[in-house]
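In C-alpha coordinates, one chain follows: the form predicted alone.
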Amino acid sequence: MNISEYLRRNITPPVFSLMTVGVAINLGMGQVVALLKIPLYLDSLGTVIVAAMCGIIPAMITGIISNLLASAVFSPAMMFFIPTMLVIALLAGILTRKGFFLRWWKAVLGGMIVGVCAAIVSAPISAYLFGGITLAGTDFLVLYFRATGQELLQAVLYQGLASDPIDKGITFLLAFLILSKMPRNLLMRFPGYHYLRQRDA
(Lines give C-alpha, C1' and ligand atoms only; values in the text may rest on other atoms or scores of the structure.)
Protein backbone atom coordinates (compact mmCIF):
# COMPACT_ATOMS: atom_id res chain seq x y z
CA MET A 1 0.00 0.00 0.00
CA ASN A 2 1.48 3.36 -1.03
CA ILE A 3 1.18 6.54 0.96
CA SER A 4 -1.65 8.04 -1.06
CA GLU A 5 -3.71 4.87 -0.75
CA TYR A 6 -3.06 4.69 3.00
CA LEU A 7 -4.17 8.29 3.46
CA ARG A 8 -7.29 7.73 1.36
CA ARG A 9 -8.29 4.71 3.41
CA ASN A 10 -7.35 5.96 6.86
CA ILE A 11 -7.82 9.74 6.81
CA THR A 12 -11.60 9.53 6.79
CA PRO A 13 -13.77 12.67 7.18
CA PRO A 14 -14.13 12.14 10.99
CA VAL A 15 -10.38 11.60 11.35
CA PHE A 16 -9.58 14.65 9.21
CA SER A 17 -11.99 16.76 11.25
CA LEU A 18 -10.38 15.63 14.50
CA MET A 19 -6.92 16.35 13.12
CA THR A 20 -8.08 19.90 12.39
CA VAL A 21 -9.36 20.24 15.94
CA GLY A 22 -6.09 18.78 17.22
CA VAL A 23 -4.07 21.42 15.39
CA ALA A 24 -6.28 24.16 16.86
CA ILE A 25 -5.85 22.72 20.37
CA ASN A 26 -2.07 22.55 19.99
CA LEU A 27 -1.82 26.13 18.77
CA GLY A 28 -4.30 27.50 21.30
CA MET A 29 -2.84 25.78 24.36
CA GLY A 30 0.73 26.50 23.32
CA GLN A 31 0.07 30.18 22.79
CA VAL A 32 -1.84 30.64 26.06
CA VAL A 33 0.94 28.98 28.04
CA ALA A 34 3.61 31.02 26.21
CA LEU A 35 1.81 34.30 26.87
CA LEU A 36 1.39 33.46 30.56
CA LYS A 37 5.05 32.36 30.79
CA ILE A 38 4.03 29.20 32.61
CA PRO A 39 6.99 26.77 32.85
CA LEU A 40 5.15 24.20 30.75
CA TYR A 41 4.21 23.74 27.07
CA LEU A 42 0.90 21.86 26.74
CA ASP A 43 1.24 22.33 22.96
CA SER A 44 0.96 18.62 22.20
CA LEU A 45 -2.47 18.02 23.76
CA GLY A 46 -4.18 17.89 20.37
CA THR A 47 -1.55 15.51 19.03
CA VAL A 48 -2.04 13.15 21.97
CA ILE A 49 -5.83 13.16 21.55
CA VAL A 50 -5.50 12.41 17.84
CA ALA A 51 -2.99 9.64 18.58
CA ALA A 52 -5.39 8.03 21.05
CA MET A 53 -8.44 8.26 18.80
CA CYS A 54 -6.99 7.96 15.30
CA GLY A 55 -3.54 6.41 15.48
CA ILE A 56 0.09 7.32 15.00
CA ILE A 57 0.16 8.61 11.41
CA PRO A 58 -2.75 11.08 11.81
CA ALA A 59 -1.14 12.26 15.05
CA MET A 60 2.20 12.80 13.34
CA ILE A 61 0.54 14.79 10.57
CA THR A 62 -1.30 16.82 13.20
CA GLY A 63 1.96 17.53 15.01
CA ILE A 64 3.83 18.53 11.85
CA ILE A 65 1.10 20.92 10.72
CA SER A 66 0.84 22.38 14.23
CA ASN A 67 4.55 23.12 14.45
CA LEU A 68 4.72 24.55 10.93
CA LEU A 69 1.78 26.88 11.63
CA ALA A 70 3.21 27.85 15.02
CA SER A 71 6.51 28.59 13.32
CA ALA A 72 4.81 30.79 10.71
CA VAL A 73 2.56 32.65 13.14
CA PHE A 74 4.19 32.65 16.57
CA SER A 75 7.81 31.50 16.75
CA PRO A 76 10.08 30.38 13.89
CA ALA A 77 11.84 28.08 16.35
CA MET A 78 8.87 25.71 16.47
CA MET A 79 9.59 24.12 13.11
CA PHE A 80 12.87 22.74 14.43
CA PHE A 81 11.04 20.84 17.16
CA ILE A 82 9.02 18.75 14.72
CA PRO A 83 11.14 15.68 15.61
CA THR A 84 10.02 16.06 19.21
CA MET A 85 6.38 16.21 18.17
CA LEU A 86 6.84 13.10 16.04
CA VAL A 87 8.24 11.22 19.03
CA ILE A 88 5.28 12.35 21.14
CA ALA A 89 2.82 11.20 18.47
CA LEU A 90 4.57 7.84 18.09
CA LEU A 91 4.74 7.11 21.80
CA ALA A 92 1.20 8.36 22.47
CA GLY A 93 -0.10 5.99 19.80
CA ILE A 94 1.89 3.06 21.19
CA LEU A 95 0.86 3.75 24.79
CA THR A 96 -2.79 3.97 23.76
CA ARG A 97 -2.53 0.46 22.37
CA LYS A 98 -0.91 -0.67 25.63
CA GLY A 99 -3.95 0.53 27.59
CA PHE A 100 -2.46 3.66 29.11
CA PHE A 101 -5.70 5.62 28.57
CA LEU A 102 -7.85 3.14 30.47
CA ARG A 103 -7.01 4.66 33.87
CA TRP A 104 -6.08 8.22 34.80
CA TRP A 105 -2.94 7.24 36.70
CA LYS A 106 -1.70 5.18 33.79
CA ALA A 107 -2.25 8.17 31.52
CA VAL A 108 -0.14 10.34 33.84
CA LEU A 109 2.58 7.68 34.02
CA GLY A 110 2.58 7.34 30.25
CA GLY A 111 2.84 11.09 29.86
CA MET A 112 5.83 11.22 32.18
CA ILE A 113 7.56 8.50 30.16
CA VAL A 114 6.90 10.47 26.99
CA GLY A 115 8.20 13.60 28.72
CA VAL A 116 11.56 12.00 29.42
CA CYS A 117 11.87 10.91 25.79
CA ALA A 118 10.79 14.34 24.54
CA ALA A 119 13.40 16.02 26.75
CA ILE A 120 16.17 13.82 25.35
CA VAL A 121 15.15 14.57 21.76
CA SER A 122 14.63 18.30 22.34
CA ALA A 123 17.82 19.04 24.28
CA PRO A 124 20.31 18.99 21.37
CA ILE A 125 17.94 21.01 19.18
CA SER A 126 17.45 23.68 21.82
CA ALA A 127 21.10 23.77 22.86
CA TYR A 128 22.86 23.82 19.50
CA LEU A 129 20.35 25.81 17.45
CA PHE A 130 19.08 28.30 20.02
CA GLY A 131 21.61 28.37 22.81
CA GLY A 132 19.03 26.89 25.16
CA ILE A 133 16.76 29.94 24.96
CA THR A 134 13.52 29.52 23.02
CA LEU A 135 11.44 32.27 24.71
CA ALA A 136 9.40 29.66 26.54
CA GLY A 137 8.39 29.75 30.17
CA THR A 138 11.00 27.11 30.93
CA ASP A 139 13.95 29.27 29.88
CA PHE A 140 14.57 30.35 33.47
CA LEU A 141 15.38 26.73 34.33
CA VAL A 142 18.08 26.68 31.66
CA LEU A 143 19.54 29.88 33.09
CA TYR A 144 19.39 28.40 36.59
CA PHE A 145 21.26 25.24 35.61
CA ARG A 146 23.80 27.29 33.66
CA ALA A 147 24.33 29.42 36.77
CA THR A 148 25.15 26.27 38.73
CA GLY A 149 28.03 25.58 36.36
CA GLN A 150 26.44 23.10 33.96
CA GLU A 151 27.46 22.96 30.33
CA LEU A 152 24.86 24.22 27.87
CA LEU A 153 23.65 20.81 26.67
CA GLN A 154 23.52 19.51 30.23
CA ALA A 155 21.61 22.57 31.39
CA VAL A 156 19.05 22.20 28.60
CA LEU A 157 18.70 18.47 29.23
CA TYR A 158 18.22 19.00 32.98
CA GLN A 159 15.61 21.65 32.22
CA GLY A 160 13.80 19.20 29.99
CA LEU A 161 13.97 16.40 32.52
CA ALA A 162 12.67 18.78 35.20
CA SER A 163 9.74 20.18 33.22
CA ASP A 164 8.84 17.79 30.37
CA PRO A 165 7.65 14.82 32.46
CA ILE A 166 5.37 17.19 34.40
CA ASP A 167 4.19 18.86 31.21
CA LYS A 168 3.44 15.59 29.42
CA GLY A 169 1.94 14.06 32.55
CA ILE A 170 -0.53 16.95 32.70
CA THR A 171 -1.07 16.75 28.92
CA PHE A 172 -1.91 13.05 29.06
CA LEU A 173 -4.18 13.58 32.07
CA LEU A 174 -6.06 16.32 30.23
CA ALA A 175 -6.35 14.05 27.19
CA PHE A 176 -7.69 11.26 29.40
CA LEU A 177 -10.29 13.57 30.96
CA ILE A 178 -11.40 14.81 27.54
CA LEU A 179 -11.64 11.28 26.16
CA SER A 180 -13.53 10.07 29.22
CA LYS A 181 -16.21 12.72 28.66
CA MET A 182 -16.71 11.95 25.00
CA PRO A 183 -19.95 10.13 24.13
CA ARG A 184 -19.47 6.49 23.29
CA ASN A 185 -21.21 6.86 19.92
CA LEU A 186 -18.70 9.57 18.98
CA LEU A 187 -15.67 7.53 20.01
CA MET A 188 -16.94 4.58 18.00
CA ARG A 189 -16.43 6.58 14.80
CA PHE A 190 -12.65 6.46 15.31
CA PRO A 191 -10.21 3.54 15.07
CA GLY A 192 -8.85 4.17 18.55
CA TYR A 193 -12.15 3.22 20.14
CA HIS A 194 -10.97 -0.39 20.27
CA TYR A 195 -8.22 0.68 22.73
CA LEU A 196 -10.42 3.04 24.76
CA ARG A 197 -13.68 1.14 25.04
CA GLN A 198 -12.71 -0.78 28.18
CA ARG A 199 -13.37 2.41 30.09
CA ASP A 200 -17.08 1.76 29.43
CA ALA A 201 -16.96 -1.57 31.23
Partner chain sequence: MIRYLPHPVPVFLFLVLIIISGFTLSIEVRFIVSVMLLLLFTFHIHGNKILRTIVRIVIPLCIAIGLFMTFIYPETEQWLTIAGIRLSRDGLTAAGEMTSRILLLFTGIIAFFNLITIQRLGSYLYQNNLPVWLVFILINGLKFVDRFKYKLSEIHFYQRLRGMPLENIWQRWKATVKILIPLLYFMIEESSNRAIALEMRGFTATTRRTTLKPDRQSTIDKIITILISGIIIFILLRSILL
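These numbers come from a predicted model, not from an experiment. Numbering follows the first chain given and starts at 1.
The form predicted together with its partner chain exists for this protein as well; it is not shown, and the discussion that follows is about that form.
Visitor: Have a look at 112, 82, 77, 94 for me and say which one sits with a heavy atom within 4.5 Å of its partner chain in the predicted bound form.
Guide: Answer to the contact question: 77.
Visitor: Residues 52, 104 and 123 are flagged as a possible site; in the predicted bound form, is every one of them within 4.5 Å of its partner chain by some non-hydrogen atom?
Guide: No, because 52, 104 and 123 lack any heavy atom that approaches its partner chain to within 4.5 Å in the predicted bound form.
Visitor: Though only this chain appears here, would residue 173 touch its partner chain in the predicted bound form if you measure heavy atom gaps against 4.5 Å?
Guide: Judged by the heavy-atom cut-off of 4.5 Å, residue 173 is in contact with its partner chain in the predicted bound form.
Visitor: With the cut-off set at 4.5 Å between non-hydrogen atoms, does residue 134 touch its partner chain in the predicted bound form?
Guide: Yes, contact at 4.5 Å.
Visitor: Does residue 188 make contact with its partner chain in the predicted bound form, using a 4.5 Å heavy atom cut-off?
Guide: Contact check for residue 188: no, nothing within 4.5 Å of its partner chain in the predicted bound form.
Visitor: Are any of the heavy atoms in residue 193 no more than 4.5 Å from a heavy atom of its partner chain in the predicted bound form?
Guide: Heavy-atom contact with its partner chain at 4.5 Å: absent for residue 193.
Visitor: Which residues in 10 to 33 have a heavy atom within 4.5 Å of its partner chain in the predicted bound form?
Guide: If the 4.5 Å heavy-atom criterion is applied to its partner chain in the predicted bound form, 10 to 33 yields 11, 13, 16, 17, 18, 19, 20, 21, 23, 24, 25, 27, 28, 29, 31, 32.
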